[in-house]
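Just the one chain here, laid out as structure tokens, in the form predicted on its own.
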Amino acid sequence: MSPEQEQKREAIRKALREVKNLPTLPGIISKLTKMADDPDTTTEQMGRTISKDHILAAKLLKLVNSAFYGFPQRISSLSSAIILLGFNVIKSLIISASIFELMEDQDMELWEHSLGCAVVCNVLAKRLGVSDPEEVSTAGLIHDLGKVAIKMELPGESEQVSALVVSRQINRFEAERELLGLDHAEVGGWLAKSWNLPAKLVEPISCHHDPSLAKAEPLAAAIVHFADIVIRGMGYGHGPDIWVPALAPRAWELLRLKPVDIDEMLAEVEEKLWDVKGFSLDIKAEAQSATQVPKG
């Protein structure tokens, strides 16, 4: 990297570090993370903590009962959700519920892509026997958080990146590296760290374009990397950036998939995406309804 590029990169990093437009995650996230890691925490204690934020509690129950998670029975109370799903899943759901709103507001195409990526992550993580597939699914849901940060904090540069994607027919990751000297994966990693998100989420976000960089969570980073490629290849919510990144050899080594695994996984993903599409359309309808001016 040339001195000029390094200087520009540092200037952008400074601008993003001083973010003014991005919301902070509720303080409840860090509190719940500590509670989930404490073996002495009881269901009642966690339920009381979540219920203090009524809006977040409502979003959590809505998400739990959505087609996205597809739990077989309807879950009507926080205590039921905690008992049925466990502390770590609830923590992931709270993070998802908080970030969903940010993603929906900014870019529906990106939101759909993220939702699709989360579905593939979930299917793949379960197939590979990962102990906490919901956490990997959450990483898939928020893996492109850096794109939202760049769009909100550097709108002019974000438009230049979009123009370069179209004119040069390259993917957004490459265009960001060329114009900004950094990329959305790196930015997403900074943001996730600044929000004190669990380390199991930070590395899959920051390494989803190069899983070989992952030290603590290489398998989760490989799953998110593969899921990002699969959902792009399926053309689900990609927007004008239609270019599919290359599969990293390290990810392929870690996943150890066979052709039959991919066929079965794609069949399951297609079925789940059909259900999730309905959820996505509901969200779009709600967003349009909210922006309509009532006739008076």
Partner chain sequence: MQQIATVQAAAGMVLAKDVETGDNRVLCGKGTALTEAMIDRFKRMDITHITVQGHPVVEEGAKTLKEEVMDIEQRFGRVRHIKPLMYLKKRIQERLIAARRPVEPAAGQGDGE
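Positions refer to the first chain, counted from 1. Given the structure is predicted, the values throughout are model-derived calculations rather than measurements. Throughout, rigid core stands for the largest set of C-alpha atoms superposing within 1.5 Å between the two forms.
This next part talks about the form predicted in complex with its partner chain, which is not shown.
* Asked: Does the trio Ala15, Ser114 and Glu153 actually contact its partner chain in the predicted bound form, every residue with a heavy atom within 4.5 Å?
  -> Zero of three within 4.5 Å in the predicted bound form.
* Asked: Does at least one non-hydrogen atom of Ala216 fall within 4.5 angstroms of its partner chain in the predicted bound form?
  -> Ala216: no, not in contact with its partner chain in the predicted bound form.
* **Non-hydrogen atom contact Leu84 with its partner chain in the predicted bound form at 4.5 angstroms** => Leu84 lies outside the contact set for its partner chain.
* Consider Val166 of the chain shown here, and say whether it contacts its partner chain in the predicted bound form, taking contact as heavy atoms within 4.5 Å. => Outside the cut-off, so no.
* Can you check whether Gly27 is within 4.5 Å of its partner chain in the predicted bound form, heavy atom basis? -> Gly27: no contact with its partner chain in the predicted bound form.
* Of the listed stretches (28-36, 257-265, 56-64, 42-50), which one has a non-hydrogen atom within 4.5 Å of its partner chain in the predicted bound form? -> Stretch 257-265 is the one.
* Asked: Pick from Asn88, Asn171, Ser80, Ser162: which has a non-hydrogen atom within 4.5 Å of its partner chain in the predicted bound form?
  -> So the residue touching its partner chain in the predicted bound form, by this definition, is Asn171.
* Rigid core superposed: Ser76 CA moves 2 Å or more between the shown form and the other one -> Superposed on the core, Ser76 moves its C-alpha 2 Å or more between the shown form and the other one.
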